[in-house]
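Take a look at this single chain, the form predicted alone, given in structure tokens.
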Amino acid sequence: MMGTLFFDSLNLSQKVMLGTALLGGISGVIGSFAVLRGRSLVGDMLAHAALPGICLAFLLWGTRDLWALSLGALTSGLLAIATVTWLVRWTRTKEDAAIGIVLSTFFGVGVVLLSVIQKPHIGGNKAGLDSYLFGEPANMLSDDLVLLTVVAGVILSLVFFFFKEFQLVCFDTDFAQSQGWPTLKIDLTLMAALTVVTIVGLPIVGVILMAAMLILPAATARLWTNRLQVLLVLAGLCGMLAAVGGTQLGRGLPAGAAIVLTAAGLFVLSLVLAPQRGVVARLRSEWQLRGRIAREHLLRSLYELNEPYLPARQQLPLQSLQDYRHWSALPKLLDAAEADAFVERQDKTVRLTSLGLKRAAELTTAHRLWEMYLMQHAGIAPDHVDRDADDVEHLLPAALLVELEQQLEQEGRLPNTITSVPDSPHQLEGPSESSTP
């Protein structure tokens, strides 16, 4: 009663903003578990399967009361989940096919019922049931806000008290089963929460777009973090921002579509700018990796050209280095190596510094160890092993190289001193094409 009086004191714009924010927040939180669990399409199925329940509830009660329609939608949604479960368990139908069958069948029945009750003598058109297809938050009442508040409180409490259980089921169901956890009950609880959120969200964003509210905020948040706690908070905030922003920015447009498009805009923005998984970060990381590989190839090439003169550090003509690798970006690579104090240049010659010789010896050692390993254990031909070693030596962790050294030492194929560079296990006739940056 107190809550209803409070909501009655708000104007329509405030009610819409509060209602959409509540829906966006809880959709982001519970949708995160659905996405991690691989159940994203379940929300879509529930949204479509709820339509016949909504229509039947209106035919029975003759009212658009949210509680009555939500009860009908919930019943229809649970029946849809039971049908999918039966099809998967007792027939040869795969889960994705079962979801598609139930989704299309239930939605088809709902469209037929919706066309029936929209006839003038029944009054469904005046009741505004067509808004359930695309959503209409402007029709929100105080009772609707009370229901959204109750659902939000229950869902957040459920996530708080069963966070550990939900986390384990989402990431490692097999381990949870081996430890005796009631994974079926936990999964059903999670799906029940997803069903409730889907049902209460239908009047706001509609049947067709509700799945996007469950998926987009979670997918957006996933681009920014690897921690589940942070993911849930970010997903809730993204859902709230999309809901409020879509409602305010999309005036004059279908509200449900505006909310979903705002959520999609946040996803695209995150896809580009996220610090680890964003397109810009990935391109920058790839560019840095290519640069590091090119610099390491330069040092290894200088070591191989200087190898006949060891331990002296010979002044090598730049032309001999150019002929050895045929690099078009050689001046830039030499500038970077000189800035790192790995080489020193004089006129048209270049020489490794003491630091550069040490680093070049380490890189050459790693390369030749991988050549030996690939020839002995992977059956790589000697005339291809240089290229294959180039593919792995820059990407695998240093701990794996140490393990390889220990293995080769046990087999008696490692040099006597760890600082020695083993001879090349193949006859190097020329540089491989893959080593050209």
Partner chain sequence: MAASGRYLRKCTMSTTALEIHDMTVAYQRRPVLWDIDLQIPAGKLVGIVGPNGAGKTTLIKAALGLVPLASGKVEIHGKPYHQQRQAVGYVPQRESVDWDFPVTVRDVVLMGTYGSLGWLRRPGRSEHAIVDRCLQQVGISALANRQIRQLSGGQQQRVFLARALAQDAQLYFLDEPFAGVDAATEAAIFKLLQTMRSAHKTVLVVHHDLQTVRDYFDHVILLNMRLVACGPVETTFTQENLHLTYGGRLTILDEAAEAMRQREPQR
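Residue numbers count along the first chain shown, from 1. Please read these numbers as outputs of a predicted model, since none were measured by experiment.
The same protein also exists as the form predicted in complex with the partner chain; that form is not shown, yet it is the one meant from here on.
Proximity to the partner chain in the predicted complex, taken as heavy atoms within 4.5 Å, picks out 218 to 226 from the listed stretches 308 to 316, 69 to 77, 218 to 226, 337 to 345.
In the predicted complex, no heavy atom of D143 sits within 4.5 Å of the partner chain. Within this chain, G291 is remote from the site of the partner chain in the predicted complex, having no heavy atom within 4.5 Å. None of the heavy atoms of G153 is located within 4.5 Å of the partner chain in the predicted complex. Although the partner is absent here, R92 lies within 4.5 Å of the partner chain in the predicted complex, judged by heavy atoms. Though the partner chain is absent from this view, in the predicted complex it lies within 4.5 Å of a heavy atom of just one residue from E165, E136, E296, D187, which is E165. Contact residues in stretch 165 to 189 (any heavy atom within 4.5 Å of the partner chain, taken in the predicted complex) are E165, Q167, L168, C170, F171, D172, D174, F175, Q177, S178, Q179, G180, W181, P182, I186.
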